[in-house]
Every structure is written in C-alpha cells, then in structure tokens.
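Only one chain is shown below, in structure tokens, and it's the form predicted on its own.
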C-alpha cells in the first residue's frame, strides 16, 4: 500500500520542477533494530524519489556499512541523508512524515542547487563566525 496519495504526488511533482541538480537520498535502515519504522521510511523515501528523475536512493545498513554511517554521523535508524553535489549535513532522523514531510521536500530542492536562500546580510553575518556551528532542529506535533 502506497504512503503518498495521488494528490500529494501531484503537489510534490510540481515542487520538484524547482530541482536544479541531482540529489541522493541515503537511507540508513536496520530491520532488527526498528523494523516497521525502517520499512515505512524506506517506502516513503522511495515513493518521493520516484517523483523526479533527479533523485536517487541508496539504502544502507549501519551495522554492515559502518564506515559510511560514521562518515555521515548516523547513529540511529531510521535516518535519511539528503545530499546534493556535496554533503551539506542535512539529516532526517525518524520518518519525515506529517509536519516533517514538507521539510524533506524543501531540503531536497535546497540541496539540489547548492545555494542557500539567504540575504546578503545574513551571509555576511555567517561568514563572520569564528568557526563551524552545529545546528539541530527537533520537532514534535505535540
């Protein structure tokens, strides 16, 4: 049974017209740890990727592909890396459904261009930072 409904697919296809380049979705999944959640996440990511020929999917098991998981900083499953021409550090932990679904779509479009949609003032402020900043956003519908 499909996760996305046809009206959702149509809306996502329309958004994906803004994709500027290839995007790879790297899914970390492990049946023994979080079977149902991992299966649902894989299915959702594959359904999303099927809506654009610019998107590819790679499914990895962090227990088998330890080096890749470490390189991406993945410690929990399910997890999805959204990667454009390079890794911009965009990660989704858990299933990006519900409120997070639009963020997944926006992330795919953003990394496809490699350009941040920021004002010149914001870019200048960020360039003035003394070092890298690790930003984590957590959300819950409650």
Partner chain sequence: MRLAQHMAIASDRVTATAIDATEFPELARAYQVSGVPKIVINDRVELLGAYPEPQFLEAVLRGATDPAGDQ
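Here, rigid core means the biggest group of C-alpha atoms that superpose within 1.5 Å across both forms. Note that the structure is a prediction, hence the values are computed from the model and not measured. Numbering follows the first chain given and starts at 1.
Below, we refer to the form predicted together with the partner chain, which is not included among the displayed structures.
Just one of 85, 37, 50, 59 comes within 4.5 Å of the partner chain in the predicted complex, counting any heavy atom, and that one is 37. Contact annotation for the candidate site: 115, 126 and 132 all lie close to the partner chain in the predicted complex (heavy atom within 4.5 Å). Residue 2 falls outside the set of residues with a heavy atom inside 4.5 Å of the partner chain in the predicted complex. Though the partner is left out of this view, residue 42 does not reach within 4.5 Å of the partner chain in the predicted complex, counting heavy atoms only. Residue 7 falls outside the set of residues with a heavy atom inside 4.5 Å of the partner chain in the predicted complex. Although the partner is absent from this view, residue 54 stays clear of the partner chain in the predicted complex, with no non-hydrogen atom inside 4.5 angstroms.
Contacts of stretch 73 to 91 with the partner chain in the predicted complex, defined by any heavy atom lying within 4.5 Å, are made by 76, 77, 78, 86, 88, 89, 90, 91, listed in sequence order. Remark: with the core as the superposition reference, the CA shift of residue 10 between this form and the one not shown stays below 2 Å.
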